[in-house]
Every structure is written in structure tokens, then in C-alpha cells.
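Below, in C-alpha cells: the form predicted on its own, a single chain.
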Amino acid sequence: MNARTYDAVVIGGGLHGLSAALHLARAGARVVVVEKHWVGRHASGATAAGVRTLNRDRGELDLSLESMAMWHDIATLVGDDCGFHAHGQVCVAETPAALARLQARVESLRADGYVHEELIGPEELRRVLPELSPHCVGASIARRDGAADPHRALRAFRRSILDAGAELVEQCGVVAIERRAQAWQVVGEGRSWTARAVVNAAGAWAARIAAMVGDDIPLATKSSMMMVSERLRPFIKPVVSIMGRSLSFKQSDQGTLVIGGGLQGIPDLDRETSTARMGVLAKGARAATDLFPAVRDVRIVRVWSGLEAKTEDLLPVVGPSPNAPGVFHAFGFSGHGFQLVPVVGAALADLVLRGATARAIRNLDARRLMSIAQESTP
């Protein structure tokens, strides 16, 4: 087995792995991306591609805001706008109590100097969403937010890493990672690579990769479901969610409605399958028609679900391995990782090449999850 030498081996060909490889290669590093199947096989190919700062957890908000600035200039990074439209994201309140919760959040953010979210009343809400049901009483909005096309993004990042000189190996799973003096040997199926740094961006399987270097990081699995309608006339531009209910509702450039919101199917990590549950999807359909009665008779043409990693606190792991020098993790995005893709890749490149980053990953250290696991062990 011939082992080639690199500056970094990136495990996982989803968008976060591709972003890390791109930033590393652009900085002059010799990089190889190793993917078990093909680029975007799981979460990155099944995402709704929301580009959202709205209602972000404070633990990742600063990172998300930096990433939003990068999304507004994404064509500079990958030579394509990735279908990104900044038509805003809106979280609708159906009741005064829900509106009060949104108001409390916006006021709390403003008190700490964050101005990306604002509260809007019924009149402005009707201007933004003319066909919204009249029972809705207000909303919070992040006007620079939006959504992108995940498949365009995958093609753009894939093309960009190759243009930057990175190598891509698909259809090759990693079976072992072994320490070799001051480097790591990553062993694949019939191949191996040696590098001083390893980036673990293996998505739902990242805990298994972490265990290969001695990191016992608890990780669950999600099976987020989506559904797509027939094509309709254009009638909505922002991405819409509801305070207190599971919904993500948007209209694509092709006129189809893309409806999700974290509704869960049945994941099977070992079989690498994710099964949609129609009864659960019906809840998303009901929420959509409650907000937009005009779509009640629209036909759903396909549904899908994808495997992704989920952490205990729903924040990702981004940073160095606690036990293996030269190994860096980026996984566990828990259904909201798409928007973070540009900045997480940049942070990983900082860590690999300079050993530190000024980007806001302090809350995303793997040790927080490892501590939770140790405390729960009898």
C-alpha cells in the first residue's frame, strides 16, 4: 500500500470538507479529500440550503454573522453565486404570546449590540408576505438572510477545490487512522495517505472517525425530511418559519415550494439509509397551509430525508481534537450547518496552518460534549 504525503487529509466530501480543502489549497497546502461515496452524498445533498442568522443560538451567532458576510460575496470564493438570494428569513408569530417571545429575543440581541434581527408588525408583515394568513400578528425578520441552491453550491465547491490543486478521492472509505512519528497515516480501502494534519468532516459518521484517534465524542443522528411541490407562479421571496412550530417554507427559482423545518424520518447509520415518514410530513404540510391557505390544493411531487449528525446541545463541534495533535473536527451541525460552510472552512484552515484562529469557535470545542458524556456515565 503506497502512502502519499500531504499537508492535510480531509475526511468527508460534504460542503464543510470541501470548504476546508478549498481554504487550505488556496493557502498553498497540499490537500486530499477522501469521501466514502461521492461529494454531497448525505446531508449536503439533502439540505434545504437555508442561509440563516435568524434565531441562531448565541453559541454560534458570531460565527454565523461572519459567514453571512462571506455568503454575500460567495462568487468571489467559488466563482458562482450558488443560487443565493438574500430575500430575508421571517419567523412568523401566530399569537400574541409567540410575538412576545420574538420581541424578547430581539430586545435581548439589541441590548448586546446585535442588530441583524428586527421585529415587524402586521402591516409590514403583509407587505413582505402578501399571501400570508390574516391570523398572524407579527414576526421577526433578518433581511440579509436567504437561501441558496445546495446542488449548485456542491458543484461550485467541488470545481473550486480541483482548480485550487486539491485532490479528490471518491468511493473510498477510511478504515483507520494511525500515528506515524510527527504525522498521521489515513488508511482507506486499498489506499493510504500521510499528512501532518487530518480534518474530520465525516458528518453523521464523524464520531466513528474521531474514535480512531482516541476522541470519544457522543453524537446522535438526525433524519431531516423535505418535500417539494409542483411548480407554481412566484408568490413568496423570503424563507418562512413559525415560532413554536416546525416549518421551513420557501419557493425556489423554478417555482416549486420547498417545505421542511426539522421534521424527522427514520435514520439508520449502519445501513446508511434515511426513511421518510409521511404522517410526520403531514404536520409540515398542515403548518404550511395554515400560513398560506392558497397552497392547500397544491400537489407534492417528491419527498426525501438525509442523514446528518446531531449533538446534545445542537451546536457543532469545530476545533482541534482534545487527544490527537494535528487532528481537527468539523461536524455535528444538527440541521443548521449550510450557512456556516464558508467560515468553518476558513477557521479549519487557520487551525491547520497556524495552529489558532481568531474566528468565534470558542463555544464549539469537543470537550464540552465529552464532559457531558462523562458526567452521565454511572
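All values derive from a computational prediction rather than experimental measurement. Just count from 1 along the sequence shown to find any residue number.
Form predicted in complex with a small molecule: not shown, discussed below.
Scan V90, A202, A166, C82 and let me know which has any heavy atom within 4.5 Å of the small molecule in the predicted bound form.
Contact check passes for A202.
Could you tell me which one of I209, I141, V198, V240 places a heavy atom within 4.5 Å of the small molecule in the predicted bound form?
Residue within 4.5 Å of the partner: I209.
Does any part of V174 reach within 4.5 Å of the small molecule in the predicted bound form? Heavy atoms only, please.
Flag for V174 set to yes.
Quick one: is H37 in contact with the small molecule in the predicted bound form, heavy atoms, 4.5 Å cut-off?
It does: once the small molecule is placed as it appears in the predicted bound form, H37 has a heavy atom within 4.5 Å of it.
Hey, in the predicted bound form, does V213 get a heavy atom within 4.5 angstroms of the small molecule?
No, V213 is distant from the partner.
Contact between G326 and the small molecule in the predicted bound form at 4.5 Å, heavy atoms?
Contact with the small molecule, no.
Among the candidate stretches 39 to 47, 349 to 357, 24 to 32, 317 to 325, which one is within 4.5 Å of the small molecule in the predicted bound form when only heavy atoms are counted?
After filtering at 4.5 Å, what remains is 39 to 47.
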